[in-house]
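So this first bit is one chain, no partners, the form predicted alone, shown in structure tokens.
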Amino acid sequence: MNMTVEQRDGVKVVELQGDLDTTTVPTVHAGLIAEVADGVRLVLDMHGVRYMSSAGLRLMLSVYRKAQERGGDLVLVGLSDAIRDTMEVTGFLNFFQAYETLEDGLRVLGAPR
């Protein structure tokens, strides 16, 4: 699992590449939580995530809750059909705003494209 972070006009964009499973979640969790500052505007770019286990779902919910606690916003972009379906069936998608493109996520958070 690779994670890159960049700043775009006050929005943090975190791109994830690889699988989110029990072996990768602890490292990714530590990295993501470190990015959740007060009032953060965060886009998680999931275009490169091929697989997400239940550990990955719990990770997403944990980061979402941390962002909410700190007065921030978090959106997901680029969910594969399989991951979107799993998140929808399990009810996890109810917590998130999810968009197809990074540009859409940035626009929702108020960053110029």
Partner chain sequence: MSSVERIDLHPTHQHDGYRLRQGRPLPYGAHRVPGGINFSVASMHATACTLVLYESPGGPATAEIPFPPEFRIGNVFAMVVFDLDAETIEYGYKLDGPWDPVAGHRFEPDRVLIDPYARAVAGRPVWNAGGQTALRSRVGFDDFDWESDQPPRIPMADLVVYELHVRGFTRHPSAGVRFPGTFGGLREKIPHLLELGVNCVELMPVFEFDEHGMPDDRLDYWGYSTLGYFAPKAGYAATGPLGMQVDEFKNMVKTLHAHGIEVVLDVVFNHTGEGDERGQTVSFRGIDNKTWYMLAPDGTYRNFSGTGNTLNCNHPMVRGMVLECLRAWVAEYHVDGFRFDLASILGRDTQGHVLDNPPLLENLAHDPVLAHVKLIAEAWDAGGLYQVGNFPDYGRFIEWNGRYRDDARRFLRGDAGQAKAIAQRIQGSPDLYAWRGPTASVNFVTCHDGFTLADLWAYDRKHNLANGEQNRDGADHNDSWNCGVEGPTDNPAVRALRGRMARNSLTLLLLSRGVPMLLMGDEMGRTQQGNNNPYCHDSPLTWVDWTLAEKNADLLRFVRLLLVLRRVCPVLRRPRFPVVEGPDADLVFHGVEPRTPEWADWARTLAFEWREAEGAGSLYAAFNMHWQAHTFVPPPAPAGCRWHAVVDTHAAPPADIVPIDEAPPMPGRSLALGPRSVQVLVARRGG
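Residue numbers count along the first chain shown, from 1. As the structure is a computational prediction, the values presented were derived from the model and not from experiment.
Another form, the form predicted in complex with the partner chain, is not on view; read the next lines as being about it.
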Query raised in the report: in the predicted bound form, does each residue in the set 22, 61 and 90 place a non-hydrogen atom within 4.5 angstroms of the partner chain?
Result: yes
Query raised in the report: Does residue 65 reach the partner chain in the predicted bound form, with heavy atoms at most 4.5 Å apart?
Result: yes
Query raised in the report: Do residue 33 and the partner chain come within 4.5 Å of each other in the predicted bound form, heavy atoms counted?
Result: no
Requested in this report: Decide whether residue 80 counts as a contact residue for the partner chain in the predicted bound form under a heavy atom distance cut-off of 4.5 Å.
Outcome: no
Requested in this report: Using the partner position in the predicted bound form, report whether residue 69 sits within 4.5 Å of the partner chain, counting heavy atoms only.
Outcome: no
Report summary line: As a check of understanding, the residue in 28, 75, 46, 52 with any heavy atom within 4.5 Å of the partner chain in the predicted bound form should be identified as 52
